[in-house]
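Given as structure tokens, the chain that follows is alone and in the form predicted on its own.
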Amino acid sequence: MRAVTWQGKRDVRVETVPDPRIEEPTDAVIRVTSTGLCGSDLHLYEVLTPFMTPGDILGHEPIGIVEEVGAAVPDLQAGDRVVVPFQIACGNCWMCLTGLPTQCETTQVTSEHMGAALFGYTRLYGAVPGAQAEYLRVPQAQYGPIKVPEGPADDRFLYLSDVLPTAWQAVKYADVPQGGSIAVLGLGPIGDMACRVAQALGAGRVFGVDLVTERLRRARDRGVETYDIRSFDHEKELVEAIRDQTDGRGPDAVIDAVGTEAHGSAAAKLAQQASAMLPRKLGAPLAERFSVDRLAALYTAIDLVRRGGTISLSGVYGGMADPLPLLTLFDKQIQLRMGQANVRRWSDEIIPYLTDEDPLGVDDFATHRISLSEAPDAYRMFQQKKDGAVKVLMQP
């Protein structure tokens, strides 16, 4: 089959690799009909390279048709149309039953002291072959895949794999009161969808912050009050501008949908670049420990949120050595919530919004639809934020 493979920093290629097959009774194999390019994929393209191996298959946002199932997968059969969550979870362990499949005790990558395995990600999460491919082996298929009806275009349900539950959890964790206010930092796919979810769930005012013109326009067209960070000489001016709209207090909640590649952290960016250039045995400890994160967005969130408010992190952070202003967090009595999205925890709540009325705008959420063979160009375009790229879908 053809698949998108990682070969080095800013080097992805479409190659022929062996077809996946049933390896365990709880496996399924699906034929991928559409698959997404995610902001998290860009971390592998640029930042987390020390944790990758040449030939790793990328991608974690698939929808497709079941081709084959193992003997211990009772609820799926060949021909079923399914969305596959980006995390791999069993559905039966204590963590899964508690609503935390991202911490699944069956698939935890204990050798790396990490949570549940993920499709198409680094060795920290199991290096499981990913979904930017013609076919995908799905472990724990007795729980993970979500059956969806035949008929509507893939866009209607594809985002259940990652974008929708990640945005949904970000808003739920933000705990915005009905009619309250929320600011979303970063209007890429997750931030854009988080704005839409916040509006659908009753937020009174939604503020969106970014520096890409097309992303700001998309959000503004859906009623978000947008702020172009390039219009301010300093982050403090941005914070004051939004505070002025919230009786001087700041919004009730802030979602950081930017994460580890935030602008405004020159020293941390240099450390990221250095770790990516070193041999893996040297670069991985540097990337994991010493300032791989660029915390400008998180610092802004801490400054911006009102006292007693909530910060919800959906952007990916990877390092352990960056200082946090704990005195400010404590003094402002800020609640901080974060984590990978627990897809199956939220999917039943989300599905009623995927109606013909399309209140979340999923049908036209994608900005680009391409063939799998165009993946290398798509990665470059998305990483460079060119051509209005917000969400790219590939059709194998």
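Position 1 is the first residue in the sequence shown; the rest follow in order. Predicted, not measured: the structure shown is a model, and the values here were computed from it.
Omitted here: the form predicted together with a small molecule. The next part is about that form.
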Practice problem: Mind telling me which stretch in 76 to 84, 132 to 140, 296 to 304, 195 to 203 gets its heavy atoms within 4.5 Å of the small molecule in the predicted complex? | Solution: 296 to 304
Self-check item: Distance check, R218 to the small molecule in the predicted complex, heavy atom within 4.5 Å
Solution: no
Practice problem: Determine whether any heavy atom of A341 comes within 4.5 Å of a heavy atom of the small molecule in the predicted complex, and answer yes or no. | Solution: yes
Self-check item: K9: touches the small molecule in the predicted complex, heavy atom cutoff 4.5 angstroms
Solution: no
Quiz item: Closest heavy atom of D210 to the small molecule in the predicted complex, within 4.5 Å or not?
Solution: yes
Self-check item: in the predicted complex, the one of C90, L100, M114, V316 near the small molecule [non-hydrogen atom within 4.5 angstroms]
Solution: V316
Quiz prompt | Of I229, L124, I242, I146, the one that lies within 4.5 Å of the small molecule in the predicted complex (heavy atoms) | solution = I229
